[in-house]
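Given next, in structure tokens, is a single chain: the form predicted on its own.
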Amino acid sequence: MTTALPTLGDTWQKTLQWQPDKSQRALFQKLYKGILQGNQQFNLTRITAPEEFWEKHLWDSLLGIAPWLLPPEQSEGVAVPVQRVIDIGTGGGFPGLPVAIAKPDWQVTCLDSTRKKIAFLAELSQSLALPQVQTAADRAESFARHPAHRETYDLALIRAVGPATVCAEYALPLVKVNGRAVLYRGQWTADEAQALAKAAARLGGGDIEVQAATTPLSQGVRHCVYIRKHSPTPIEFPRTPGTAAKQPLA
């Protein structure tokens, strides 16, 4: 199997109105190589073919921050100023590491409860020379109760973690007022939207914007759900570890 990622500059530009420069392409390639090597020890991803990795890990990761990839004069609505970002349930480092490569001025924290994966990602981010990346091994529910982290992030990214209401309970307590939580979803239904609106309101979330997209190579369905934080999250949230998944907010 070849380990060279496709360039697809025109596809980046057409779908995200952005494309990586030469140094970013080199970093994406190093990230891909590092993940393939790490996969021999850790269960990081089943997606290892070059084009599939490009679409489902690189492109898909950056889809969620597409509004922030645009020039300032073109970015409206959700693209509030960002300095601190948290990737909740990062797994193999997605979307956090591609986001850090695309937006080198952002401070990105990759959070996951699996210590071995976090130790690997710490080493990988060092090898990629990404000093703006921090890693943390913890449950989202516990992490959000730490004073150094609660309501301190401008942007919380959460991908492939659970139902939207559960993701909101993990993410919104970490987000500053006027910050955004970004939920990466596949299909999106009216029932999910209704449940999320109710849950988000209890968590301090306000305006919800949903942007639909089609993956450029496999023509899959994607939705990015942007939740604005309009007021502090009540102290009872997030609930104790495991409660959100067992008893989602209704």
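Everything numeric in this text was worked out from a predicted model, so none of it was measured. In case it trips you up, residue 1 is the first one in the sequence shown, and so on.
Heads up, the form predicted together with S-adenosylmethionine (SAM) isn't pictured, but that's what we're talking about next.
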query: Stretch in contact, per heavy atom within 4.5 angstroms of S-adenosylmethionine (SAM) in the predicted complex, of 145-153, 107-115, 172-180, 125-133; finding: 107-115
query: Touches S-adenosylmethionine (SAM) in the predicted complex: Pro163 (any heavy atom, 4.5 Å); finding: no
query: Contact of Ile101 with S-adenosylmethionine (SAM) in the predicted complex (heavy atom, 4.5 Å); finding: no
query: Contact of Ala140 with S-adenosylmethionine (SAM) in the predicted complex (heavy atom, 4.5 Å); finding: yes
query: 4.5 Å heavy atom contact, Arg159 to S-adenosylmethionine (SAM) in the predicted complex; finding: yes
query: Residues from 216-230 in contact with S-adenosylmethionine (SAM) (non-hydrogen atom within 4.5 Å) in the predicted complex; finding: none
